[in-house]
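Have a look below at one chain only, the form predicted alone, in structure tokens format.
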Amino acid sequence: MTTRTQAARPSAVTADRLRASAAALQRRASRLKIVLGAVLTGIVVVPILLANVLPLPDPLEQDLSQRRLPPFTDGHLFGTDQLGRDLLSRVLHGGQVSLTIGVLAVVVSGVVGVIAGAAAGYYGRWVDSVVSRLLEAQMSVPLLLLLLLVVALFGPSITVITLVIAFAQWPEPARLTRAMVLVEREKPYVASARVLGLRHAAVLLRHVVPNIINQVVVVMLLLLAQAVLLESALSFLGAGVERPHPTWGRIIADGQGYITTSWWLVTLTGLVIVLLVVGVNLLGDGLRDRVGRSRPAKGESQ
């Protein structure tokens, strides 16, 4: 009798509690990603932003008597390169170039991608066909080869490299925006706005785009890491910003011949890039998880 009573007793672990526990774990994981990503990103970005006010040597000043000094020698925290230039100063000032190009490229690609994707998803028909064919054509071309070709044709200036990277990245926000607008346009609030007399453009700009912009911004944040890597790759291959501007890719390219004797030239510069990329990715993943959880409730409220 006791065994039957225990078997009939309901379990304290209900489906609702399991879902709440899983949601709590996801919230803690996303919070950890955001905090860790913000810390790693701040470790790199804050010194770069303050590079012009910090007591650092001129990144272009050469001193052949202090060539390839190891880190923590004679006041050089990161050591010096093959021409006696302070490596920390070159890394921070090179980061200004890389971040400037990355941020501008992401903004341009995001604006173009949102406009194209929103128009394709909302209006459909020939607009969707044209945008979709452009996306397919863009995705079929080898990315790095395309970047090198354009830079070789128009020259390695900051403007050209920014536009080239933006051109390479616009399909990502465009595809995401198109897919989300296709879902949003079928919701009741869009039909209600049309019944009230709003034009299609007004519905798209005032109601549809504000509902999807959070997720698009998160994707643009993730694209920042890719933009920095693309700029570093171009600089490493000799197609980056022209000298005398220091860039991360060129610092690594100049130091690769000394990697067995002066490891810090490549290792410390690469470590800065890794910290930034990992930090931005963690921050973007955490924000994407948080936005993804809040979106269904918002959609239901519509």
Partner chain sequence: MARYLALRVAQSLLTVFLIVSTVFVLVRLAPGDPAAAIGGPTATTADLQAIRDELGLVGSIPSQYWHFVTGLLQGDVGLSYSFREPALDVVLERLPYTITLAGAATVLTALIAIPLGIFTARRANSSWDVGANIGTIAGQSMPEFWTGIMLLTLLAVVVPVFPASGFTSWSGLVLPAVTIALLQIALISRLVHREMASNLAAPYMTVARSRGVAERALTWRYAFSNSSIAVVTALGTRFAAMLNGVVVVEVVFAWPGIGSLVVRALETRDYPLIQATVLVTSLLAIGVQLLVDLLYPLFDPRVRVGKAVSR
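Numbering follows the first chain given and starts at 1. Bear in mind the structure is a predicted one, so any value in this text is a computation, not a measurement.
Below, we turn to the form predicted together with its partner chain, even though it does not appear here.
**Q** Quick one: in the predicted bound form, does every one of 260, 266 and 281 get a heavy atom within 4.5 Å of its partner chain?
**A** Result yes, every residue of the spot touches its partner chain.
**Q** Report yes if any heavy atom of residue 39 sits within 4.5 Å of a heavy atom of its partner chain in the predicted bound form; otherwise report no.
**A** The answer is no: residue 39 has no heavy atom within 4.5 Å of its partner chain.
**Q** Quick check on residue 33: any heavy atom within 4.5 Å of its partner chain in the predicted bound form?
**A** Residue 33: contacts its partner chain in the predicted bound form.
**Q** With the cut-off set at 4.5 Å between non-hydrogen atoms, does residue 137 touch its partner chain in the predicted bound form?
**A** Within the cut-off, so yes.
**Q** Would residue 232 count as touching its partner chain in the predicted bound form under a 4.5 Å heavy atom rule?
**A** So residue 232 counts as contacting its partner chain.
**Q** Among the candidate stretches 150-158, 107-115, 84-92, 190-198, which one is within 4.5 Å of its partner chain in the predicted bound form when only heavy atoms are counted?
**A** In the other structure, the partner sits against 150-158.
**Q** Among the candidate residues 45, 51, 252, 69, which is the single one with a non-hydrogen atom no more than 4.5 Å from its partner chain in the predicted bound form?
**A** None of the others qualify; the residue that does is 252.
**Q** Can you tell me which residues in 99-133 come within 4.5 angstroms of its partner chain in the predicted bound form, by heavy atoms?
**A** Read in sequence order, the lone residue that approaches its partner chain (within 4.5 Å, in the predicted bound form) is 133.
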